[in-house]
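Read the single chain below, which is given as structure tokens and is the form predicted alone.
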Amino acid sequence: MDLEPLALPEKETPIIIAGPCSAETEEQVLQTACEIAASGVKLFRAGIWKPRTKPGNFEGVGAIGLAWLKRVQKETGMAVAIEVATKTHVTEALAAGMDILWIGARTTVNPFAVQEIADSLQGTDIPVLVKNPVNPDLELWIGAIQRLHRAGVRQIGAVHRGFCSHEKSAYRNIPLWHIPLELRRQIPNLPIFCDPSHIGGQRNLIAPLAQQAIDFHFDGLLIETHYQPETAWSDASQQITPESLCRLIRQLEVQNREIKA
């Protein structure tokens, strides 16, 4: 698969993408972004469209959040990543000048939805990250990547966020590390990120999971970070403060990056 390197402001690995699970208010987005930027992180993430299991839960602020994210770009210099799940999301994100898009686990399971996103990205060169499907199906993950590639998208990365299971586990989503490692074997030039926040589901699990991903030579990490995580409107238990993020990054032990798993 003829992929191009991701055009990201951070060139060294591991690449860190950090920010709140959800954009809640303009103040929350800007305050969190400023504190993350102060730690040297150059990539900010925030969800403005949130797929929820049941109606009535907070489903994101919607397109109004794009203006807040543009302020993040302007005032901090960070690039911004957001999740898209429909053609309309893609159109609005591109029009607002977002830097990176990602496809969530609940969207990856639906080939019709992925194809709609792929079709709407034809002729663009924006980096797109694809999270693994919620179920442990490697072929479905590869299929989503192939749909983007056939639409002409060349800057593609994968995100390992763990898999749902009925088995009792210490994790919110079980890691099943062999699946992303097999993905790397089949597509060696595909950058792979880890989302330890969604795997762990608890903030105390994020650091050890992040280190495990780095030991497997993952290319980067997505870490949910909120300036007041206890008050977060979604996934409060798996978000950390910018101060904790900075400490986590400093404590990561990065081995020789020339050797890939």
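Residues carry their position along the shown sequence, with the first being 1. All values reported here derive from a predicted model rather than from experimental measurement.
Not pictured, yet referred to below: the form predicted together with phosphoenolpyruvate (PEP).
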Heavy atom of each of K50, W102 and E224 within 4.5 Å of phosphoenolpyruvate (PEP) in the predicted bound form: yes
Stretch in contact, per heavy atom within 4.5 angstroms of phosphoenolpyruvate (PEP) in the predicted bound form, of 73-81, 102-110, 145-153, 181-189: 102-110
Non-hydrogen atom contact H89 with phosphoenolpyruvate (PEP) in the predicted bound form at 4.5 angstroms: no
4.5 Å heavy atom contact, C21 and phosphoenolpyruvate (PEP) in the predicted bound form: yes
Residues in 112-141 with any heavy atom within 4.5 Å of phosphoenolpyruvate (PEP) in the predicted bound form: K131
